[in-house]
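What follows is one chain in structure tokens, specifically the form predicted on its own.
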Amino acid sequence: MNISDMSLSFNERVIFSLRSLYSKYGYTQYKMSKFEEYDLYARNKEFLISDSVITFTDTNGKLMALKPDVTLSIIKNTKDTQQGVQKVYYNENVYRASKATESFKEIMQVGVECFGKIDSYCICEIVNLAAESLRKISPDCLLDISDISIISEVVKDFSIPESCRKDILRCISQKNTHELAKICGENGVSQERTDILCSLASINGRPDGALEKARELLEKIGMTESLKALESIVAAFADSNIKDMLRIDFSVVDDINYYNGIVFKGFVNGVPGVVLSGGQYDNLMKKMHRKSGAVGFAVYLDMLERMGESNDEYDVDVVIVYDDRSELSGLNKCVKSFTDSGKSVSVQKEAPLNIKYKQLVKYSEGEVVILENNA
């Protein structure tokens, strides 16, 4: 049966299809506890989507937290190895403030992680899975991709406070070139470097043209070598069915204390925000005293709630109302005739007021009468 025909919610269908996708690529499911020691998240708040964490005191006096993130827990609880790679996927509940409602929610999050001796193929595979994950959600989607090491290379020699460095990255992520130029000017950054940063932050487009613009900019300061990794990854998809989804966007930056190399964000039409985010995070691994590299991404299912509402027009295909004169055997046969044809059915004594249905059918004394047809 096609999963689009199953009687599942939109998010359940997405989870079902994503799990199937990741399994096909040899990723095994990772299961974990609902909570961790709060100290794990306190030390890595900048890595979290939200620094709001629900805490409680365990029976042994330790401060615990309902997990707001999966990646940190997986890193903590998996073996650190540089022999080969470990490939896992997860669908786990996390507890944090939802982007959609800005209040604490239990949110199902799906994602993949690849740990170990990370090479170019591992990165390509993760980028490909990210793109395919978006297509499972909607055919109308885009994957913005960048290499954070390019921006890091441009700013590494700036003699500026760490707070200003963070402000520069924030301005780049917001494409706020006006404030970016102001911060650079106030902190003695040369006009040439300032112009290059502002121009890089403004690049967004199909790979060929965008990479050409970036190369022209970086040639001025002798940094074209930093483009090679990104060019290599993009070239790997030149003949693939996801090439038209890819966009180069140098405003895709995250905390350089955690991320390095390829980073990306995914979008689908109809959802006003990022629905998928990921990249390489070797720096986070080092911060957690790990020798292995890592790359992965997460799909934020709470961002899809409005999309699911618009797609799920009906709660059920058929509502069957019956009365006391209805024989159970006949009513059972009536229900089965609909379910065998792939339709979902709700049997009620009276027409419900809180269910959206395509058909309202009355069954009485062996007779089936269609009362309403809304399809």
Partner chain sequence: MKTMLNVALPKGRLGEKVYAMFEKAGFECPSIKENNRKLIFENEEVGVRYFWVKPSDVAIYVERGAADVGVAGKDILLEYEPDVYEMLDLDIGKCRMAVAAKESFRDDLSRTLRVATKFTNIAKQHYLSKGRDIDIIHLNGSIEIAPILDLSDVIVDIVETGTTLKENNLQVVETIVPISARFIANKASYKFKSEQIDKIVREIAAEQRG
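From a predicted model like this one, the values you see are computed outputs, not experimental measurements. Residue numbers count along the first chain shown, from 1.
Below, we refer to the form predicted together with the partner chain, which is not included among the displayed structures.
- Annotation: in the predicted bound form, residues D144, K175 and F267 each come within 4.5 Å of the partner chain through at least one heavy atom.
- The partner chain in the predicted bound form is approached by G273, whose closest heavy atom lies within 4.5 angstroms of it.
- Taking the partner from elsewhere, S277 is found to have every heavy atom lying beyond 4.5 Å of the partner chain in the predicted bound form.
- Under a 4.5 angstroms non-hydrogen atom cutoff, the partner chain in the predicted bound form lacks N77 among its neighbouring residues.
- Contact annotation: E113 falls outside 4.5 Å of the partner chain in the predicted bound form, judged by heavy atom distances.
- Residue in contact with the partner chain in the predicted bound form (any heavy atom within 4.5 Å), chosen from N241, T81, N204, N93: N204.
- Checking E192, D208, D255, E179 against the partner chain in the predicted bound form, a heavy atom within 4.5 Å turns up for just one residue: E179.
- None of 224 to 232, 119 to 127, 247 to 255, 85 to 93 except one has non-hydrogen atoms within 4.5 angstroms of the partner chain in the predicted bound form; the exception is 247 to 255.
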